[in-house]
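The same protein chain appears twice below, in two forms, each given on its own as C-alpha cells and labelled structure 1 and structure 2.
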Structure 1
Amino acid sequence: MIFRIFEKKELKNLFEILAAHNKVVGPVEIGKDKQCNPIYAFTEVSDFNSIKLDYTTTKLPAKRYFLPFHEDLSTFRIKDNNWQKTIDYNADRPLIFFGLHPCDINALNKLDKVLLHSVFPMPYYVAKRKNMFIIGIDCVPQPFCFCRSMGSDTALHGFDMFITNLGTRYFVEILTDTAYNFLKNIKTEEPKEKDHILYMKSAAERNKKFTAKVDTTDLAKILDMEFQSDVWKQWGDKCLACGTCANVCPTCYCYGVEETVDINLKSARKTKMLHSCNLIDFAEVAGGHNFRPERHSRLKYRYYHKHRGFVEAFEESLCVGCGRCGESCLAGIKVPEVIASVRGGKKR
C-alpha cells in the first residue's frame, strides 16, 4: 500500500479526470425526511459539486449497480427458423464509485466470496465487479450503526484508493496501480509524520462516535443452542414479512429466475429478480408446498444465514452492521435488539 497527501482542491481535478471517459456514481442529497434531515442516495453524477462526501448513509446500498433488482440474463428470438440467443452483461462502460463507506466496501468483499470467488461464479456480477473503480471515504457514524461490532468500520481491501479528511488536506491510501496512475495527474506529496499523527487522531475520534453495539462473542454457538427459542416466535409476530430489510441490505443476494415466452413463440426472455427470505413465497415449491409458511421461521433463517451459515462457510458474518434494515423496518425490528434478546432468552 502507498500513501499520499493532497490539497482538497485537487479532489475536484481528480473527479474531472475520472469523469471524462467513465461513468461516475456518488452520494448526492435527494431530499429531506420528516425531521428535515437530508436523505442521500447513490446516483450517476457529472458535477463534482453535487457529491456530498460528508454524507451519513444512503437509504439504499450501492448494490443495485452490480446486483440489480431486475436484470435480463438472456433473450431469445427466432430468425430464419433458428433460435438466436443474446447475452448482455450490462458492463460495457467502466463504473467509478466516488465515496463509498467502509461498511459498503466490506459488503462488496463479502458478496465477492459467493458471487465472484465461488466454484460457480455469477458471470453478470463478475463482469460488473471487474469493471469497477472504487474510491472509499471515511464514514460519519450514526446512532444505528453497529459496523464496529461487525469489524466493518474499516476497509483493508476491496477499493482502489481510500481518502480520509484531515481538515485542509486528504490522506489517501493507494491499493492498485490504476489508482496510482490516476493520481499522477494531480499534485500529491509524501505524507509527513504530522500527517500520520493527524490520520491516527481522526480514526480515534471517529471510533468514539460508534454507540450501537452487538455482542458477537460465540454468536454462532449461541444461535445453535437457541434455535428453538420462543424469542423467534415473538419477533415473528411483530414482523410484517414485507422484505424491506433485504431490499436495503447491502449483502442480501438471494434471487429467483423467471422465463417468459411471447405468445407468438418468436421470442423469449430469462430474467433474474432479487428475492427476500422473509416473503411468504420464498420457500414455496412446485405443487404449492411451503417449507417456511410461518413468519417467525423465515425471520429466524434470515438471521441464521447472516450470523451462522455464512460464518460456517467463510468464517465471518454476512452482516456489515450498516443498520439500514433496522432504520427501514416498518415494524421497528433492529438487529442489535434481536441478537441481544436471543442471547438473553427473551424479547427486549
Structure 2
Amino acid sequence: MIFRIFEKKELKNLFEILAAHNKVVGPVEIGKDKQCNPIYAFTEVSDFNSIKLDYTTTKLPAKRYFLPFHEDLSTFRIKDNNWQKTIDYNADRPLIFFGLHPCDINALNKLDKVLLHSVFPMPYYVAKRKNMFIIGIDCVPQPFCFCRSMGSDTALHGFDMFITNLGTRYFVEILTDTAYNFLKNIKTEEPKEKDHILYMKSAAERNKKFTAKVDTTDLAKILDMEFQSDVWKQWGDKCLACGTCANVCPTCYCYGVEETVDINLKSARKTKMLHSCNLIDFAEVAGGHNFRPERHSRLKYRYYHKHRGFVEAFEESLCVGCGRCGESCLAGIKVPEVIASVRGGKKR
C-alpha cells in the first residue's frame, strides 16, 4: 500500500480531472426530513461543490449502479416467426464513486464473493464492478452504525484510493495504479511520521464513537439453536413485509426475472427486478405453493441468510452493519435488537 497526503483544496482538482471524461457518482443532499436533518443520496454529480463529503449515510446504498432495481437482461426483436436477441450488460462507461464509506466498500467485497468470484459469476454485475473507480472516505459513526461489530468499519481492499480527513489535509491510501496515476495530476506529498501519528489519532477518535453493537460470538450456532424461538414470531407480528430492508441494504442481491412482450408484439424483454425475502411473493413457487407464507418465517430467513447461511459459505456475514435497514424500517425492526433478542439479551 502506498500512502500520500495532500491539501484539501487539491481534492477539487482531482475531481475536475476525473469528471472531465467520466461519470462521477457522489453523495449529495436531496432534502431535509421533518426534524430538518439532511437526507443524502448517491447521484451523478458534475459540480464538486454539490458533493457532501461529510454526509452521515445515504438512505439508499449505491447499489443501483451495480445491481439496478430493474434491469433488462436481454431484449428481443420479433419479426414474423423469427427473433433476434440482444444482450447488453448495461455497463457502457466507467463509473467513478467519489466518497464511499467503508461499510459500502465492504458491501461490494461481499457481493463480489457471490456475483464475481463464484462458479457462475453474474456478468451484468461483473461488467459494472470491473468498470468502476472507487474513492473511499472515512466517516463519523452514527448511533445506528454497528459496522465495527461486523468487521466492516475499515476497508482493506475493494477500492482504488481511500482518503481520511486530517483537518486541513487528506491522508490517502493508494491501492491501484489507476489511482496512483490520477494522483500524479495533483500536488501530494509523502506523509511524515507526524502525519502517521495524526492518522492513528483520528482512527482512535473514530473508534470511540461507535455505540451500536451486535454480539456475533457463536452467532451462526446460536441462530441454529434458536430456530424455533418465540422471538421470531414477535418480530414477525410487527413486520409489514414491505421489502424496504432488502431494498436499502447494500448487500441484498436477490432478484426475480420476468419476461414481457411489448404490446405491439414486435419486441420483448427479459427483465430482472430486485426482490426481498420478506415479501409474500418471494417463496412462492410455480403452482402457487408458498414455502414461507408467514411473515415471521420470512423475516427469520432474512436473518438466517445474512448471519448464518452466508457465514457457513464464506466465513463472514452478509451484513456490513450500515444500519440502513433498521433506520428505514417503519416497524422499527433493527438488527442489533433482533440479534440481542435471539441471544436472550432482551426480556421476552
Partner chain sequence: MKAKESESKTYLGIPLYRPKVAFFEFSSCEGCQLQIINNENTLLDFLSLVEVVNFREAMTEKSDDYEIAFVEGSITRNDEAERLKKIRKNAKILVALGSCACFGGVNQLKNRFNNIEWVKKQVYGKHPIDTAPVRALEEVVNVDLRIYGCPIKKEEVEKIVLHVVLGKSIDIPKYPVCMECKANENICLFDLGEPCLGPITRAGCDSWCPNNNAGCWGCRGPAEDANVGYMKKIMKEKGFSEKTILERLDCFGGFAQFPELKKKGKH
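Residue indices: 1-based, along structure 1. These numbers were taken from a predicted model, which means no experiment stands behind them. For clarity, a rigid core is taken as the largest C-alpha set superposing within 1.5 Å between two forms.
Participant: Only one of structures 1 and 2 is the form predicted alone; identify it.
Facilitator: Looking at both, the form predicted alone is number 1.
Participant: Core superposed first: is there a CA shift of 2 Å or greater at D262 between structures 1 and 2?
Facilitator: Result for D262: yes, a 2 Å-plus shift.
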